[in-house]
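Quick setup: one chain, the form predicted alone, written in structure tokens, and binding and motion questions come after.
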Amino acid sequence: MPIADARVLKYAIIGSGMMGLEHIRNLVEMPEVQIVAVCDPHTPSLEKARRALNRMEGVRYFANHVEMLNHCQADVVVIATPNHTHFHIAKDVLKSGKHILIEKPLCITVAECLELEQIEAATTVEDRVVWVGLEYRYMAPTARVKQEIDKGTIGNVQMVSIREHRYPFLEKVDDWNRFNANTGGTLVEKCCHFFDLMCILANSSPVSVMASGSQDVNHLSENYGGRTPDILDNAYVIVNFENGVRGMLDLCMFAEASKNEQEICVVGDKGKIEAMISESIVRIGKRKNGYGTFQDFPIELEEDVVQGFHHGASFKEHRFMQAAIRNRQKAEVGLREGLISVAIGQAAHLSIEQSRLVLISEVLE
């Protein structure tokens, strides 16, 4: 892809927890990129950023994001803070006119996502890129699945299923991720990645959601100032799409003893394709070849991609965003994609609470 703007892109990182450090590790390995500022009100987290940057010269450190925006010359701001802070921080960054990458989920409610869209429209800056960090679409195995679908390998897609069987939520600063009020709920916090991926693989928009879920095993004996965590640890979610495709998520967060943390399966009228994420294998079977026939394809990362979390997806996400900035293009994963992924999760939680099918239009009102 030809590059229209080859200048160095200056980055400011807001939030230096797990994902903030992931972005730092990726960006320091990229050419024509300079980190100029890091912000985090939690002193130990800010110190981790200093160490990750090897106390690099020219980087300024802040405890307040407004002060950072007022006193550093950044082109791109990465928001990697707790979910419930995204909305208020993103409002300030949008008003600054800078390019933004907002970690998933975009916000913890559809209402907040919609308001961010309105603010972005009201503060429009020519060629500004606002990107949402739904990087699972860039993991090498899932990207290969999408390529095969686009080639017609399995014909017309009919069903998409995603299974994540994994460990419980990690410990976070001030235990913010133990409560729905801070996360948006498990099906927003964790699963917006998968709902975005479903939309991509189905190549359609969601219409309705039916879900069943509960908190059965994890965090039941934990207590935080008299409060017990209320986050779900398992669920089934069925998503119906405009084009007739059906998607299903099978989530379990007390299943550490699994070979693959995530498995993605897409079935078309001519065959089936699966991605085993931890093994980094894509398996393709075609109906014409008969029962039990398939081929396995090991998926390798490009040599210059930093592995990091998510099998190099965060690194590739930055590459795509930088290309959009330099070529004055729109974000491939923008506010609308972030909104829809949150809307599916919010509809799933409503479905569980009310034991009924929920239309996406209900949560978008």
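Bear in mind the structure is a predicted one, so any value in this text is a computation, not a measurement. The numbering used is simple: start at 1 and walk along the sequence shown.
Note that the form predicted together with a small molecule isn't included here; everything after this is about it.
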Please state whether all three residues Pro141, His165 and Glu263 have a non-hydrogen atom within 4.5 angstroms of the small molecule in the model of the complex.
-> no
Among Lys172, Lys270, Arg128, Arg246, just one has a heavy atom within 4.5 Å of the small molecule in the model of the complex, namely Lys172
Interface residue in the model of the complex among Ser204, Asn234, Asn218, Thr85, criterion: non-hydrogen atom within 4.5 angstroms of the small molecule = Thr85
Does the small molecule get within 4.5 angstroms of any non-hydrogen atom of Phe241 in the model of the complex?
-> no
Does the small molecule come within 4.5 Å of any heavy atom of Thr186 in the model of the complex?
-> no
Is the gap between Ala343 and the small molecule in the model of the complex 4.5 Å or less for some heavy atom pair?
-> no
Exercise: Gly334 in contact with the small molecule in the model of the complex, heavy atom 4.5 Å = no
Want to guess which of 76-84, 195-203, 147-155, 289-297 is within 4.5 Å of the small molecule in the model of the complex, heavy atoms only?
-> 76-84
